[in-house]
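A lone chain, given as structure tokens: the form predicted on its own.
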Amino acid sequence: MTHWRHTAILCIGFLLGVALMGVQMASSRLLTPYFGSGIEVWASLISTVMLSLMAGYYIGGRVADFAPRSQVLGVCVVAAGALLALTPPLATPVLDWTLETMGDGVGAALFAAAAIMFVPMTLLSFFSPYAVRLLLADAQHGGRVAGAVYSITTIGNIVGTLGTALYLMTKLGSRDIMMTFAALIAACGVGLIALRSEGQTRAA
């Protein structure tokens, strides 16, 4: 893989890291009118994100071994963006139904968070294991590659958390924030498709 493609994948990882935590912060505002803003809601959101990461890392890693091409990852990322774009209009009926059916307890908050976030966040979490597979040229440098990917996405997570909480939430509503990050995620997916990069068939 050429150096510029390597750099492009890491830059996309940073942007997706920003978007992942930005979406989580925006989702908290969607849940607040129904379940409040207490520790239970944040526990539900964080648990949903962690479950999504777990599923995305596992499934994404298996898909990456089967089809180590940035185009496939790009399609998954575009799908995540499209689903997140649908979240604002669909959130109200889903949350209304949850509140009427399950009440406003911890279980209901966890169900609501999973209902609106789990699938797109899982698809978004494909990136890290997939990027490692794409960037890995030989087994000798596996640790370095994995460290670079997870470090850059974590930096993005920090920027996304602080930037959304301290700036975007003071300027935009939750729906606008969600749509902004959905567009960013979709653009990153298109970028991955355009890269047309492939991982090594076998690690040396």
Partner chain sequence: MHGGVPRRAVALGLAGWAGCALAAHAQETVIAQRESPYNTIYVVREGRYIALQFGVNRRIFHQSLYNPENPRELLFAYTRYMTAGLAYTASLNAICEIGLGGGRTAQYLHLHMPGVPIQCVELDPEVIALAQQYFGVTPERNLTITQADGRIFLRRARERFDLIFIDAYRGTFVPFHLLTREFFQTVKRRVAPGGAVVQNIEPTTMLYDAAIATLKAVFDHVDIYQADGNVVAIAYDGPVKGQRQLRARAAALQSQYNFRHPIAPMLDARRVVSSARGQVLTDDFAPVESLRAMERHNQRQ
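What you see is a predicted model, and the numbers here were worked out from it, not measured in a lab. Residue numbers count along the first chain shown, from 1.
The following text describes the form predicted together with the partner chain, which does not appear among the structures shown.
Of the candidate stretches 165-173, 152-160, 62-70, 45-53, only 165-173 has residues with heavy atoms within 4.5 Å of the partner chain in the predicted complex. Out of the listed residues Leu99, Val78, Val106, Ala85, Leu99 is the one that sits within 4.5 Å of the partner chain in the predicted complex by at least one heavy atom. In the predicted complex, the partner chain sits within 4.5 Å of a heavy atom of Gly38. For Gly142, no non-hydrogen atom is located within 4.5 Å of the partner chain in the predicted complex, even though that partner is not displayed. At a distance threshold of 4.5 angstroms between non-hydrogen atoms, Tyr34 is in contact with the partner chain in the predicted complex.
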